[in-house]
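Just the one chain here, laid out as structure tokens, in the form predicted alone.
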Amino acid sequence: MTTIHPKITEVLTGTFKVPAAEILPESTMDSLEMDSLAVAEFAVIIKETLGVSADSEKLYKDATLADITAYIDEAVDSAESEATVPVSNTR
């Protein structure tokens, strides 16, 4: 079973008042009755809290919550692996 990123659930239930029972991996923003303005706001909140940016219309509008979770997890993992500790070559 695919799980949903906890931030997605937090934002949908807290900010947009979506009932938790409706937040399923196969749910889409359309099925949750999120209009384009709400989807854009959702994208901004995800970017501000997780540092993950994406075109809200392309990613969030048609994707399932499982798809969005996979995208967020991949973006966060990628950002973490790119964060390196600077090493000085001088002695």
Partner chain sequence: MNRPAIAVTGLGMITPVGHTTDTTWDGVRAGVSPAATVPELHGCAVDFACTVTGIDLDDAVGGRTAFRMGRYVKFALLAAREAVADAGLDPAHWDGARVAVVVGTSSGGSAGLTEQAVALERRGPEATSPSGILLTIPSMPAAEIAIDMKATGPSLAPCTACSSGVTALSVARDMLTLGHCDIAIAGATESIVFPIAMTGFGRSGAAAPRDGDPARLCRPFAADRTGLVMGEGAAIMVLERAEDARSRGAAPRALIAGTGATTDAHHPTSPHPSGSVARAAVDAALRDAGWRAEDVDHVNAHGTSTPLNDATEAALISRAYPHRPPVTAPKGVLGHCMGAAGAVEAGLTVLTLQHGEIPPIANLDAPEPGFDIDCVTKAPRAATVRRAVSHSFGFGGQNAVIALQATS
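Numbering follows the first chain given and starts at 1. It should be emphasised that the depicted structure is a prediction, and the values quoted were computed from it without experimental measurement.
The following text describes the form predicted together with its partner chain, which does not appear among the structures shown.
Could you confirm whether I72 comes within 4.5 Å of its partner chain in the model of the complex, counting heavy atoms only? I72 lies outside the contact set for its partner chain.
Its partner chain contact at T64 in the model of the complex, heavy atom, 4.5 Å: Output for T64 is no: heavy atoms all beyond 4.5 Å of its partner chain.
Using the partner position in the model of the complex, report whether V18 sits within 4.5 Å of its partner chain, counting heavy atoms only. V18: yes, in contact with its partner chain in the model of the complex.
Does its partner chain come within 4.5 Å of any heavy atom of L32 in the model of the complex? The answer is yes: L32 has a heavy atom within 4.5 Å of its partner chain.
Though the partner is not shown here, which residues of 33-47 have a heavy atom within 4.5 Å of its partner chain in the model of the complex? The stretch 33-47, when checked against its partner chain in the model of the complex, contributes E33, M34, D35, L37, A38, A40, E41, V44, K47 at the 4.5 Å heavy-atom cut-off.
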